[in-house]
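Take a look at this one chain, the form predicted alone, written out in structure tokens.
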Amino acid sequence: MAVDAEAQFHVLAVDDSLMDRKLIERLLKTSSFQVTTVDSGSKALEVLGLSEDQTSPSAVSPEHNEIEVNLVITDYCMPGMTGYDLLKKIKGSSSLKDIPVVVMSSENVPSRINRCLEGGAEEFFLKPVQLSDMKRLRPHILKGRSKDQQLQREENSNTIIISSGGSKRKAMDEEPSPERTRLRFSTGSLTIL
């Protein structure tokens, strides 16, 4: 059951090195993530539906409509657009800013690491990336996913006033709120109502 839940998480891996891209792809797939790989920051923006000079996704991008990305992992040192530049583009976009971004580099430069973390990166991995690093991605994906779910709940729970015969009622969500759940004990099991 856990594998099925994790398989729905989609990671966009960005690295100009084919060998590093293949390694990251294998590690992510071993960790039960869906993976899309690209070799540059500009191609990553295309997958996300954002061109280099936009701050909001394009409605006509076919890739964006097909792929929901839950996390971006990017190399720092790439020709053209660096991983830091990609991070700033994602965090500067109104609709993509909640996607967690992880930056990785083979160079252990504290000022670079701090710059990325202060710029909104969730983590900074040193290469070579290992399987244990992949386990550190899940909490960030779940945090990003819970933000999406919270926004959906807020949209769905907007109060609707129903008028019938002069009386006004507030429509409520179908699910009970956490304050309204009760524990029920039965023979040898625990049930939440």
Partner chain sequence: MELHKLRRVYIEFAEIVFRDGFLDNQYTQLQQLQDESEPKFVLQVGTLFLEDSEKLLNELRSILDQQDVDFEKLDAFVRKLTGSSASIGAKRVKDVCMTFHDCCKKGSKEGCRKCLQQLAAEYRLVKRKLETLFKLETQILAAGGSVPLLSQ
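These numbers come from a predicted model, not from an experiment. Residue numbers count along the first chain shown, from 1.
Just so you know, the form predicted together with its partner chain exists too; it's not on screen, but the next bit is about it.
> Using heavy atoms and a 4.5 Å cut-off, decide whether K91, N114 and L117 all contact its partner chain in the predicted bound form.
Negative, none of the three is within 4.5 Å.
> Considering only heavy atoms, tell me if L126 and its partner chain come within 4.5 Å of each other in the predicted bound form.
Because no heavy atom of L126 falls inside 4.5 Å of its partner chain in the predicted bound form, the answer is no.
> Mark R26 yes when one of its heavy atoms lies within 4.5 Å of a heavy atom of its partner chain in the predicted bound form, and no otherwise.
So R26 counts as contacting its partner chain.
> S95 versus its partner chain, in the predicted bound form: is there a non-hydrogen atom within 4.5 Å?
Judged by the heavy-atom cut-off of 4.5 Å, S95 is well away from its partner chain in the predicted bound form.
> How about S106: is it within 4.5 Å of its partner chain in the predicted bound form, going by heavy atoms?
Yes - in the predicted bound form, heavy atoms of S106 and its partner chain come within 4.5 Å of each other.
> For the stretch 18 to 39, I need every residue with any heavy atom inside 4.5 Å of its partner chain in the predicted bound form, listed N to C.
Heavy-atom contacts to its partner chain in the predicted bound form: L18, M19, D20, K22, L23, R26, L27, T30.
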